[in-house]
Structure formats: structure tokens, C-alpha cells
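Given as C-alpha cells, the chain that follows is alone and in the form predicted on its own.
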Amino acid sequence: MSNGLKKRIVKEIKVDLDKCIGCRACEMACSGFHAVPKFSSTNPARSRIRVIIEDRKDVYVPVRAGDYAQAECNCRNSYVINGKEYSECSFCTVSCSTRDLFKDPDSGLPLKCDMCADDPTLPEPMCVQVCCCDALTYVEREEEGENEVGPRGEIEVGLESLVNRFGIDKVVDLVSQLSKTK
């Protein structure tokens, strides 16, 4: 008898803060991979991973872009690492309306880590491939979970962001105009 749960593959990038040296190679590789055309430029502002650096340069935390949130969260927790206090926002993966982290610098659209999904599929995301000190490691594991619709891609997240910003009518009109010119 089936319990309605299927096994699914969960992909994740694990971070070992003790190994990260703050070189930011992961940012450069990510921005190059997502450039159009691929590797034609590097701009860390377009990276889906950012290395958050403590002011005194003794703690480096790679943070990957997660989902888009329309509003600022109300969590105001702090973390203490090696006796130093950090705001929860420093480690947040969400692209939200209150900060520029994980937003494209030109369009303002939210960025989200796609694990370098490509065709053909890469053995590991680019950030993991270039991490010279093994602070980032790629892991695939099976777990039971409910059947779910696949993860939203950049187009879906971008369109939702445009609709929230300009309204559905303006977005539909623009798409209609663009389809007539192609």
C-alpha cells in the first residue's frame, strides 16, 4: 500500500564555514555561467551566490539566492559567531523588496540559484567546481516527499516580479506587443 509519498532527489550545496577563505571564485564562476552568452562576462552583482564578509574580515559566509519574497520579513533575529553578533538578514537567501542582494543590477528582477541547470547537465554547480578549498560541496540525496510541481524557473519568478511591480495588464500588453514584432 502506497502512502502517497514519492521518493525525490534533493540537490543541495553544503557550506563548511571553517574552510571558506573568502576568495569569491564562486561568485565569479556563477556570474560567468549565467552571462549571455555564457562566460562572455563576469559581474558578481549578477551572481546567485554571494560571500558575506564580516566587517573585520574574519568570517566568510557563502549564501545562495533563494525564492523571491514580495515583502520584508518580520524576523529580527541575531546570531553570534565567534563572539560577534550578526543580523539574520546577512544570511538570508531571499530576494526581497527591502534590499538589493540577489537582484539583477540592470532590471531589478530577482535572481535565484538554479544549481546551474543546463543542457547537458553539469556534474556539479559551477560554484562547487571552482571552490579551491572545498568549502562548497554538492550533495544529492533521496527523500520521501509529496508530489510537487517542479521548481519555478527564472522566467516564472521574473514574470511574477514584473506583475507585482507593474500590474498584470501592463505585462500582458507588453508581451502581446513583443509577440507581434517577432
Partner chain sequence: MRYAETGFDLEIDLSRGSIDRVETDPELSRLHLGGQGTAAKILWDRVPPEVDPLDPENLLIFSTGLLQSTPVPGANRTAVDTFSPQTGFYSHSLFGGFFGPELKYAGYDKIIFRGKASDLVYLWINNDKVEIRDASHLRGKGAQETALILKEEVGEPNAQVAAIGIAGENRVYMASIEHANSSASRGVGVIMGDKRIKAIIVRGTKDVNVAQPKELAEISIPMYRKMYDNKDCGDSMAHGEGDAFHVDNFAWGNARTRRSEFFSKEMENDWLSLEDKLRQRWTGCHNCPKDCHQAIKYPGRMPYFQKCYSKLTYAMGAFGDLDFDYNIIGITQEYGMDAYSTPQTIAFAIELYEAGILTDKDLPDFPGPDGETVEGYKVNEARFFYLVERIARREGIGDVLANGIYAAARQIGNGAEAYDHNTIKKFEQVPIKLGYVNFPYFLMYATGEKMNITQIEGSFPQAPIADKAERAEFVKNWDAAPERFKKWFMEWEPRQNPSLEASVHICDWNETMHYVDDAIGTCAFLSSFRGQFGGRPPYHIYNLPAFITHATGIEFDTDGLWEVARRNRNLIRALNVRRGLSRVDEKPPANHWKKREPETEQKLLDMYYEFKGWNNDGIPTKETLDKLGLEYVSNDFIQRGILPECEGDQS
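In this text, all values refer to a predicted model and were calculated from it rather than measured experimentally. Numbering follows the first chain given and starts at 1.
The protein also exists as the form predicted in complex with its partner chain; that form is not presented, and the subsequent description refers to it.
- The contact with its partner chain in the model of the complex, taken as any heavy atom within 4.5 Å, belongs to Ala45 out of Ala69, Leu122, Ala45, Val63.
- The shortest heavy atom separation between Asp58 and its partner chain in the model of the complex is within 4.5 Å.
- Residue contact check for Val10: none of its heavy atoms lie within 4.5 Å of its partner chain in the model of the complex.
- Though the partner is left out of this view, Lys84 does reach within 4.5 Å of its partner chain in the model of the complex, counting heavy atoms only.
- Residue contact check for Leu109: none of its heavy atoms lie within 4.5 Å of its partner chain in the model of the complex.
- Across the proposed site, Pro105, Met126 and Cys132 without exception bring a heavy atom within 4.5 Å of its partner chain in the model of the complex.
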